[in-house]
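Let's start with one chain on its own, the form predicted alone, as structure tokens.
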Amino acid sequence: MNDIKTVKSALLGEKYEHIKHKSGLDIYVFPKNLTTTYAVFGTHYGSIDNGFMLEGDSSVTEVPGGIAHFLEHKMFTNEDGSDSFERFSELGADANAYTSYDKTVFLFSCTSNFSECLGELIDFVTHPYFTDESVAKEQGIIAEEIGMYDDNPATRSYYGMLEGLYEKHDIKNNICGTAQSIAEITPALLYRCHEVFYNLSNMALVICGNVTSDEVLTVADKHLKAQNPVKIIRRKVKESDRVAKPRTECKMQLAKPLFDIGIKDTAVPADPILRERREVAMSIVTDLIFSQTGELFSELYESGMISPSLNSAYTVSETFGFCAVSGEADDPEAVYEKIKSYVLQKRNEGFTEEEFERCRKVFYSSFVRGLDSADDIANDLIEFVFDGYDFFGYADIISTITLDEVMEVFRSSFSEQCFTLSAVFPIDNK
């Protein structure tokens, strides 16, 4: 039997239904009176899962870097020779997929033919088909994609930052892998990774739009077969409390130097609820420091040290966390020292209640605005599910978090040994 539970938020006036489907799949239906319906079918499996074992295995299975992304690419090809992208197009739907560090997601949006689209989504994701010939062809395609990323200065700068932050963690490696690593991928390895990570107990389906749970269940009951759940043991590495390298740099064809500054979070909680609170606090700190309305940006820009754009974000998962700041500067080293000095100064001085409240309210408003978008809801909800977060609880944390809590997190982080600078300079730079 299917177990259905309604989850409500009195604060937001929203609700969704969580269905524990008889097949073992968790399904989330978020009804919204919108013209477009959006569905995401994801697995808690990403680029960092290159070493794993199932409960009862005697040894760790090691797989080549980039295999999760490779598997995502190959899933759209069906055994009968058809392509699921083309099927979605025929149904009037837009389909796509993406692989991140810790998840792989397949999705579609449509204004009609929802049931047919959902059936297609479930079918091609749960029925893999690989041959030696198709894998070899894809290796050439993805090798070209990797080459394009390697030739992109912004990508090189970003991964240089990750290499500076982490010594052992697989997050430092390109999600696509390398030309050498993907050359080791075989149909047998792809089937093995699909068998382990595409088990329904490791997946979730989220639908947002003008649909009902009954409509979704009609399709799910028809297209999903029960599976025995698996318990995946993922390889974990012990990282240092300091960065692996304080500096990384390279030279490429570009007009102005690029930089990425990384700040390693060495106190990421294992408990998902505590991690959720820390994510809110760290995001507020990051915005307070690096916002384009703040004093640091004004000083850097008005003095001509940086170009108009300064981007910042805090990223966290169960096994890693970091702040990243990126931009353009004639002298990345000078910008780095200025930013580091300012961050350490604010650790001691703190923020005013007015600064904090303004930032907190903007953060909360941004989350609420996302509730008007089917794709924002679906993609955020599946991320919360895989991270063990409570979707509605996130809004509760933002609305109740205090300056004292934010400052406690700030002062326990951002130590000088956790900073790294990655820079890409023009080839003719002297």
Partner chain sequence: MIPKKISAGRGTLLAIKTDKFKTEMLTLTLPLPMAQRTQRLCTLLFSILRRGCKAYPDIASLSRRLDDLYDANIATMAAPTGENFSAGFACECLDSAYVKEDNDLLAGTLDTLRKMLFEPLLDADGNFSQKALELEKRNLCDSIRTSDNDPKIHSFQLCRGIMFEGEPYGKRAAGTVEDVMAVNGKELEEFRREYLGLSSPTFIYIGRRDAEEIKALIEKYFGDFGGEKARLNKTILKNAVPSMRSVEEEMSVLQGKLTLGMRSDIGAVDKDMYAAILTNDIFGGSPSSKLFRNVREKQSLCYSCSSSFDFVKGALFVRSGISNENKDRVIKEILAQFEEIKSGNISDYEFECSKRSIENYYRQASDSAYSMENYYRTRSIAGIDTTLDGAIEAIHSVTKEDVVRAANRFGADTCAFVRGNLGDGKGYEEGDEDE
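Everything quoted here is computed from the prediction, not taken from an experiment. Numbering follows the first chain given and starts at 1.
Missing here is the form predicted in complex with the partner chain; even so, the following discussion is about that form.
Only one of 105-113, 312-320, 165-173, 264-272 places residue heavy atoms within 4.5 angstroms of the partner chain in the predicted complex, namely 105-113. At the 4.5 Å threshold, heavy atoms of residue 54 stay clear of the partner chain in the predicted complex, well away from it. Residue contact with the partner chain in the predicted complex: residue 341 places no heavy atom within 4.5 Å of it.
The partner chain is not drawn, but in the predicted complex it has no heavy atom within 4.5 Å of residue 130.
When contacts are judged by a 4.5 Å heavy atom cut-off, residue 401 does not count as touching the partner chain in the predicted complex.
Contact annotation: of the candidates 90, 214, 80, 349, the single residue with a non-hydrogen atom within 4.5 angstroms of the partner chain in the predicted complex is 90. Only one of the listed residues (154, 237, 179, 252) places a non-hydrogen atom within 4.5 angstroms of the partner chain in the predicted complex, and that residue is 252. Contacts with the partner chain in the predicted complex, taken as any heavy atom within 4.5 Å, map within 55-89 to 73, 83, 85, 86, 89.
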